[in-house]
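Next up is one chain by itself, shown in structure tokens, the form predicted on its own.
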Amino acid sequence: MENFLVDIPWVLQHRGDPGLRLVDLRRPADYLGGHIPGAVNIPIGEVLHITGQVAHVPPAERFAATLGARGISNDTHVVAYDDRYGTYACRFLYTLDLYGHTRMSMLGVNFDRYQGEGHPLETGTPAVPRSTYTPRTQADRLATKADVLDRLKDPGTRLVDTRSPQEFMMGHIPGAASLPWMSLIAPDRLYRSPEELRALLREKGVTPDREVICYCNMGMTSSHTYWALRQAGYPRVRMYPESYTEWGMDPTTPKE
């Protein structure tokens, strides 16, 4: 994906551009302690819809209200960042993608690096005008438990488990490839190059001719892998947001 990852110099140059909105996904206390000037705060809890232990995507109307309150419209270029190696920002951007947003980027390094290099910070909350947001759901971005069950023996589908090897060995969806999300991170940035990503994926039998469904425990690290696949040029990628928390608790679903 062109321009999905942006660096610190790009942010410093463009953060005041009309039509651009920086979104900080960190905890409110951390945000108020210092954030990139002009950024609005959307805590990760506002991007999730929790029932019991399972994290669903938020209903379209609720998510649209969250965006509108931060001055984000359908035409806004959204640039997200966090201090969790991109997992929170990726879950937010996945939800934007699911609801049809097209102009989005992510700071390609942890916020800690921005702060540690001494770049400008701001405290408080900037005043932004409210906007109207109209969700346009892209169903081909989402996989439900029923979708996964239907595709367990489909040779045209590849399941990717992004949890740790230990979690994978304790139980996973049958046929899934183990691809720990941390293996996709480079030493100095949140992702390896597209060429390196494609090589890692090929080693796991994850090829672009198949539809890929990513999952983890609660759809956080799998959203990081979702965007890795998109950057690597994979044309058909879905995420199962409820992931193994939902799957594992269901006594009727098969496990390996």
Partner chain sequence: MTETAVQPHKKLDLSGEVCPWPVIFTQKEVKKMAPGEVLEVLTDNLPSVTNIPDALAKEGHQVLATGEASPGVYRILIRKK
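Positions refer to the first chain, counted from 1. Since this is a predicted model, take the numbers as computed values, not measurements.
Same protein, other form: the form predicted in complex with its partner chain, not shown, and the subject of what follows.
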*Would you point out which of 111-119, 71-79, 135-143, 85-93 contains residues with a non-hydrogen atom within 4.5 Å of its partner chain in the predicted complex?*
85-93
*Interface residue in the predicted complex among I213, L48, L197, A64, criterion: non-hydrogen atom within 4.5 angstroms of its partner chain*: L48
*asked:* Can you work out which of G205, G52, P59, G33 has a heavy atom no more than 4.5 Å from its partner chain in the predicted complex?
replied: G52
*Does T221 reach its partner chain in the predicted complex, with heavy atoms at most 4.5 Å apart?*
yes
_Partner contact for M170 in the predicted complex: its partner chain, 4.5 angstroms, heavy atom_ = yes
*Look up in the predicted complex whether Y99 has a non-hydrogen atom within 4.5 angstroms of its partner chain, and give yes or no.*
no
*Please run the contact check for R189 against its partner chain in the predicted complex: heavy atoms, 4.5 angstroms, yes or no?*
no
_Full three-residue contact with its partner chain in the predicted complex, heavy atom 4.5 Å, for I44, W181 and N217_ = yes
